[in-house]
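Shown next as structure tokens: one chain only, the form predicted on its own.
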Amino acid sequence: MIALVEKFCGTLLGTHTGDALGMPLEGASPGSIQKNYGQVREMLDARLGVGTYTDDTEMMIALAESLVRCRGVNGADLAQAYLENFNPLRGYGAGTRKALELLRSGVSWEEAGKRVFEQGSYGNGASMRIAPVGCLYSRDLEKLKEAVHLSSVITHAHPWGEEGALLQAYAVALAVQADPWQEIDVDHFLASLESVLDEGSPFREKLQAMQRLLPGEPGIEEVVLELGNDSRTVTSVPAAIFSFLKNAADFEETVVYAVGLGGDTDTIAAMAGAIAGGFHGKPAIPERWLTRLERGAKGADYIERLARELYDLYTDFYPHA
């Protein structure tokens, strides 16, 4: 058996790994990736160096720090954590940048996200960082839903932005609680995800598309046509979940596949890496990738320490887990 603490480490380090593998190819088409690289199996040089992370991992770090510090989601503290960790060189999306600017100007954490665009942002910013919530509340769906709402609304107040974060968090939770030595029951996994969606949710169509695609061997172009690969949460979250379910037996194959979908490669691979890391645990992440990950004050070693602190908090919440 894989110790649960290793699954927590796998989730957070899986986010960093997928983020780092995908970052150099952000915005590339699947065709250009295939033509120039075939399958991307090695860390490439990126704008901040080999193995570095983007806003995806930076915001995940902020969320994990705040969860540990406050023993749960505290909106005011979390907003401050996002601000304190903010590094514009990491490549933040327009909606998140605007929300952070509003927070810095004194707008409350409850209101900032609502002022981003007309109805709030439905980009994938809330989804890409949500993995720590999926770990901590993997045994309690109601608390998970509440934590997703509080952590999302600060920057992504649109219902789709939050629902995408919920879908990603629950996928992580299901993976963390699953036995990696047993084959994933795809139908049950998808049905569980569908159970948390609102009626009329655009994510329902994506889950149904996965149901059609998974039994066969669809080409990358067909998958992208059906699911999408851009930075909207309604496309990137399904793409990440599909990448995992299509390659659930192997962490490396999951992340390589996610990068191969093109588009928002860093975020799709970060989210796929979080799910696969939660399922398999840290030992499944290739050592050649782990050794290339960013170090420094808030690098891979710090991320693993946060994961272990998050696990300690989990054991306080669920002492008989």
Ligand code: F2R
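All residue numbers are counted from 1 along the displayed sequence. Nothing here was measured: the structure is a model prediction, and the numbers come from that model.
Not on display, but discussed next: the form predicted in complex with the ligand.
- Judged by heavy atoms within 4.5 Å of the ligand in the predicted complex, the contact stretch among the candidates 266 to 274, 64 to 72, 36 to 44, 290 to 298 is 266 to 274.
- Put simply, of F189, F117, F203, W109 only one has a heavy atom within 4.5 Å of the ligand in the predicted complex, and it is F117.
- Contact annotation: of the candidates M128, A239, I154, V133, the single residue with a non-hydrogen atom within 4.5 angstroms of the ligand in the predicted complex is M128.
- Across the proposed site, E26, T96 and N124 without exception bring a heavy atom within 4.5 Å of the ligand in the predicted complex.
- Taking the partner from the other structure, the ligand in the predicted complex has a heavy atom within 4.5 Å of a heavy atom of S231.
- In the predicted complex, no heavy atom of F86 sits within 4.5 Å of the ligand.
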